[in-house]
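What follows is one chain in structure tokens, specifically the form predicted on its own.
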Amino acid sequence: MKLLLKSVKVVDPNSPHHGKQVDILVQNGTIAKIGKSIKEEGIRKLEWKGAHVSPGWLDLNVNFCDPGHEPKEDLKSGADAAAAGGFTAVALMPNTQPPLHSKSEIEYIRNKAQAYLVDVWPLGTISRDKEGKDLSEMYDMKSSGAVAFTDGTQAVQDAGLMSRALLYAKGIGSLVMNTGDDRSISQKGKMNEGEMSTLLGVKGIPALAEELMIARDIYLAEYNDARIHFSNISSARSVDLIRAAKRKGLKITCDVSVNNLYFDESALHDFDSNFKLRPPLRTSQDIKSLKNGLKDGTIDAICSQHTPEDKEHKEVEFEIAAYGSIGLQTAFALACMSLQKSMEIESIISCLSQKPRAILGLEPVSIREGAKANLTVFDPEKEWSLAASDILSKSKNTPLIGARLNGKALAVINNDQYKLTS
């Protein structure tokens, strides 16, 4: 493959070309040349007004339903949606059937996705069958390509098991991830516990359920001198807890879903099941704290929490509808619209690119001559709308069909392949 990106603004603090408007020649999967007005004949030229380029984006939280529920999403359709959203890599949650709990499932993912433009990094389970009872085959899974360990949507309830997982992961140089959800508190809640849940007469999920779990795991990480990553934090108190832990020097990172940055609980006023999420949409005050957490570095990364569901599980009564929405193709737009008044684009991109890679211990990506061409081209100001026909996921469970959006990926380049997304 050989192509030329014309007049793109580099967004990469680790590049000598950061902040400059340049041409980038990509040849055989490598950045061959960077400069002003590169002259090359007979090759594909890509040029857009207002285009920026950054190291390829990585989403820390996606569900592709493969193996087990491929009619909702398989690896190929998920990877296509990721590329369309500007992502050149994804971390795949083990919410599959069977779960990604042994080397066989990890190798299945790695082998099936090895030829894709998008790098698919599997996350192995912490516990066997995600049951929260016995540790999974963590060492074997890491040897086969698992980049971290989590029980996905099933937060580990047993403190002893979590403590052992942290210690074992520390011993093999890996990372444990957990979501904040004490099920003895959240039980069968459907949305945030607050004024809106009271008004609608719906059982709520207290923020306390998240905060108790995060507080517990902070103590466990400190006790074991181990790393831990919190997935999809959603409450103001969670931000405070993690901020205080980081100030103590604990090895803690966390991410937030764009859904929890952009929408608050009022979106549920008409019982749209596409807004039924876990963690739930919280209050406007929580959103303010999440944004402040991103701005001051308490929150490290932004993710889509892409969760495909078919009509049979979404277009039903709110009480019995499944949790989750797809989000890979709209994540960048929601991030831009949420944060453009409080953060520079450089900081937003860092939360989508460099920081997620650092969390997973992956090799850094940078825009410099001789480096691998792993790039996302984007326009943070581009206005567009999402049509149902534009969705590359097999599932269409999103509240954003027909919505006006700002910020869009234009192209992705990785693994000696490229794809135009606009």
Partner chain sequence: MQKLSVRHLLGIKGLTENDIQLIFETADNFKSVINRPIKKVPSLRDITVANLFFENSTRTKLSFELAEKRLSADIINFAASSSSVSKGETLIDTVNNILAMKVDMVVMRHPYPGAAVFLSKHIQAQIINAGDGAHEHPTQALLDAYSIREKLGDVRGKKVVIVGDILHSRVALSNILCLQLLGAEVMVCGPTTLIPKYIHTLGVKVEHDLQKALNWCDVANMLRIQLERQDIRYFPSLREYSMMYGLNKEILDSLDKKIVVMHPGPINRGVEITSDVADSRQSIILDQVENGVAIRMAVLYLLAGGQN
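All figures in this text were calculated on a predicted structure; none of them were measured in a lab. Positions refer to the first chain, counted from 1.
A second form of this protein, the form predicted together with the partner chain, is not displayed here; the remarks below concern that form.
J.: Tell me the stretch among 196-204, 228-236, 104-112, 338-346 that has any heavy atom within 4.5 angstroms of the partner chain in the model of the complex.
T.: Only one stretch qualifies here: 196-204.
J.: Does any heavy atom of Gln97 come within 4.5 Å of a heavy atom of the partner chain in the model of the complex?
T.: Result no; Gln97 lies far from the partner chain in the model of the complex.
J.: Would you classify Gln187 as touching the partner chain in the model of the complex, given a 4.5 Å non-hydrogen atom cut-off?
T.: So Gln187 counts as contacting the partner chain.
J.: How about Val316: is it within 4.5 Å of the partner chain in the model of the complex, going by heavy atoms?
T.: Yes, Val316 lies within 4.5 Å of the partner chain in the model of the complex.
J.: So, Asp129 and the partner chain: in the model of the complex, are they within 4.5 Å at any heavy atom pair?
T.: No - in the model of the complex, heavy atoms of Asp129 and the partner chain never come within 4.5 Å of each other.
J.: Would you kindly say which of Ile320, Ala159, Ala244, Ile172 lies with a heavy atom within 4.5 Å of the partner chain in the model of the complex?
T.: Answer to the contact question: Ile320.
J.: Heavy atom within 4.5 Å of the partner chain in the model of the complex: which of Tyr116, Phe271, Tyr262, Tyr168?
T.: If I apply the 4.5 Å criterion carefully, the residue I get is Phe271.
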